[in-house]
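We begin with a single chain expressed as structure tokens, specifically the form predicted alone.
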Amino acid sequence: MRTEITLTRPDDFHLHLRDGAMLEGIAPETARDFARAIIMPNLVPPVVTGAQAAAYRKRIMAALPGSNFTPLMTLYLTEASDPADITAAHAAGIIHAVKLYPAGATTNSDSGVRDFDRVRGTLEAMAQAGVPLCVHGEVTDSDIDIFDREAVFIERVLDPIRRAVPGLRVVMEHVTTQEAVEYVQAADAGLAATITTHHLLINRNHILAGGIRPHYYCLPVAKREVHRQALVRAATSGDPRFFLGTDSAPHADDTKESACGCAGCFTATNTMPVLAQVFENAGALDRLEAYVARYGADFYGLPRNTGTLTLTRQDTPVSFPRRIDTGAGPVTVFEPGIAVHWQVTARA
């Protein structure tokens, strides 16, 4: 049994840092272990122009004085997005992707796309310029069951988009179903998917059985156990089309533990030890480095990191902080629900 692993410093290809006091409180939790992260643009108001992305990046770095962390910025796609601004921001290295939120699909997504035909020209310009599209893959139709919305999105929205704009590079973010895994596996090199830490560990019973657990509630919502198992197989398979995107999404506890709680799991603090345990349990510890530090960088055309992260295994389970205190209120750290024996012991 391996008791120590040293990995190339990992990247997080789907991260929420928020803004203001919340940003200042939780950004160090990611920067501690990760070299880079794709930063989500769903602020209020959303980040829709290159100038806004550059300003947001400055606020992130101001919250991390002395850090070597690199935020990889994205723009929020709207029906009024300017293709010229998007492609110019990408060419200048200001942004690395554009995020598609169907309107109303998740936190701060009201400015998202309702009529996908109205963004066709923007998507075509992105394809020509090599700008990746990151997708929150759920339909929002009220007549579609929440547990079916990812599969329906693939059929009704994503597959038609990819057929209409065949050169578009797409990342299906936070996939949660066996159908999504199989769709990626059947596709060409222009499609990839991120898998979160929490979706590798929880199914819908964890949220609902024996009482409602709001800190396991996220969107897309966790599905049946068969889907969780499909995600674990994909993440640990060594298939380069699947890589880490935590979707770590902080909300103050009072907004999670309410009559209409916010969606999101905050996993930045303990993702790397938890993933080491998941991969060890799957007999795939030798594939962890590629999942967290190679495949995503390769898809985005980024150089691989040069730093390292060392994790050490101990006999007794490791404990993690229960919450992170921020100026916007305490944020509960994701509880993995399994015994985790790994901890980060060195960073270089």
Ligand code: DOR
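Numbers follow the displayed sequence, beginning with 1. Quantities reported herein were computed from a predicted structural model and do not represent experimental measurements.
Omitted here: the form predicted in complex with the ligand. The next part is about that form.
K.L.:
Would His227 count as touching the ligand in the predicted bound form under a 4.5 Å heavy atom rule?
P.N.:
Result no; His227 lies far from the ligand in the predicted bound form.
K.L.:
Using heavy atoms and a 4.5 Å limit, would one call Lys223 a contact residue for the ligand in the predicted bound form?
P.N.:
Looking in the predicted bound form, residue contacts with the ligand do not include Lys223, since no heavy atom lies within 4.5 Å.
K.L.:
Ala263: heavy atom within 4.5 Å of the ligand in the predicted bound form?
P.N.:
Judged by the heavy-atom cut-off of 4.5 Å, Ala263 is in contact with the ligand in the predicted bound form.
K.L.:
Considering non-hydrogen atoms and a 4.5 Å limit, does the ligand approach Thr78 in the predicted bound form?
P.N.:
Outside the cut-off, so no.
K.L.:
At 4.5 Å between heavy atoms, only one of the stretches 185-193, 241-249, 159-167, 146-154 reaches the ligand in the predicted bound form; which one is it?
P.N.:
In short, 241-249.
K.L.:
Within 4.5 Å of the ligand in the predicted bound form, do Gln277, Arg313 and Gln343 each have at least one heavy atom?
P.N.:
Answer is no for this spot.
K.L.:
The ligand isn't shown here, but in the predicted bound form which of His90, His215, His206, His136 has a heavy atom within 4.5 Å of it?
P.N.:
Exactly one residue meets the criterion: His136.
K.L.:
Heavy atom within 4.5 Å of the ligand in the predicted bound form: which of Thr269, Thr107, Gln178, Ser111 fits that? Just give me the one.
P.N.:
After the contact test, the surviving option is Thr107.
K.L.:
Using a 4.5 Å cut-off on any heavy atom, which residues of 157-189 would contact the ligand in the predicted bound form?
P.N.:
The stretch 157-189, when checked against the ligand in the predicted bound form, contributes only His174 at the 4.5 Å heavy-atom cut-off.
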